[in-house]
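Presented below, as structure tokens, is a lone chain in the form predicted on its own.
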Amino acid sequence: MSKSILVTGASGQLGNSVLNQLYGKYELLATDINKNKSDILNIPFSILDITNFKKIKSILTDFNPDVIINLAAFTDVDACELNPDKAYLLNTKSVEMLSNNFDGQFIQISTDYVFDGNNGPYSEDDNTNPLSIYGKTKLEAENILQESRINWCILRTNVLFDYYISTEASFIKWVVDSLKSNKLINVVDDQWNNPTWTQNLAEIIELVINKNVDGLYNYGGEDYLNRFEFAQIIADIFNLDKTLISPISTKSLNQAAPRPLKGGLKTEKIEQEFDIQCIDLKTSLGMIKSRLIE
């Protein structure tokens, strides 16, 4: 008998990848605050505000999932800084409400923003020190799960990317669409990470489900580079004019929330325990390009 899986935040770019990865193998219920109108999969969908305690209890009672994959989050880092109460509700309190009313396997997506970015990339054992409200609320959610009675798995990741026409918050989509329109773009060259293709992360999530894995793991791409270099590689793979891309500093953007500059995640633990190898950036981008051409 296949497992029943509740996916929150299912309309985002990671949600798209997760639903595609799990489709046809499990009993799925996709939820989000808004339905993704371009979704072509025949998967049951329910509108869910993850700050609505009554709605959470109702869905958990009616669907009774074996697994929750919690992708729902307030990920606009600057908006979190300006709206800390909303960030706490969406990123922390919602995890507490979900986990308090559930006794199955809980998979939580977290971030390298739980670190200060002074000495990345980071391992699972490095001390956390978030700079922003976003990072603090995601770390609080981690702590809630680690202190809970349920079977939890926290997957920390960073700089998620893919290209879905329906998804607005996508770095690769912004770069490709801008360069195709011959727009000049500025990209920071002092923020370092190992960008993660959502399809690869979706495959890891399925492994976590099948192996009933618990604990804290990092997952990211093989390449450690800055955002400007990332944008240049995107331009190369998609045969676009990378001279339209100019490097700038994070400080020059005057953003509301501080960023961890030397971020990113070490992935040795998950590679060894899952017997996998993280995929390099050019391979991932090439596969995305091939999918778009088909």
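Numbering starts at 1 and follows the sequence shown. No experiment lies behind these values; they were computed from the predicted model shown.
The next section is about a form of this same protein that is not shown, the form predicted together with a small molecule.
Though the small molecule is absent from this view, in the model of the complex it lies within 4.5 Å of a heavy atom of just one residue from I133, V114, L145, L71, which is L71. Checked against the small molecule in the model of the complex, the residues I248, A256, L244, I33 give one hit for a heavy atom within 4.5 Å, which is I33. Picking from 61 to 69, 248 to 256, 46 to 54, 235 to 243 the stretch near the small molecule in the model of the complex, with a 4.5 Å limit on heavy atoms, gives 46 to 54. In the model of the complex, no heavy atom of S284 sits within 4.5 Å of the small molecule.
Using a 4.5 angstroms threshold between heavy atoms, T75 counts as touching the small molecule in the model of the complex. At a distance threshold of 4.5 angstroms between non-hydrogen atoms, V159 is in contact with the small molecule in the model of the complex.
Among heavy atoms of N218, none comes within 4.5 Å of the small molecule in the model of the complex.
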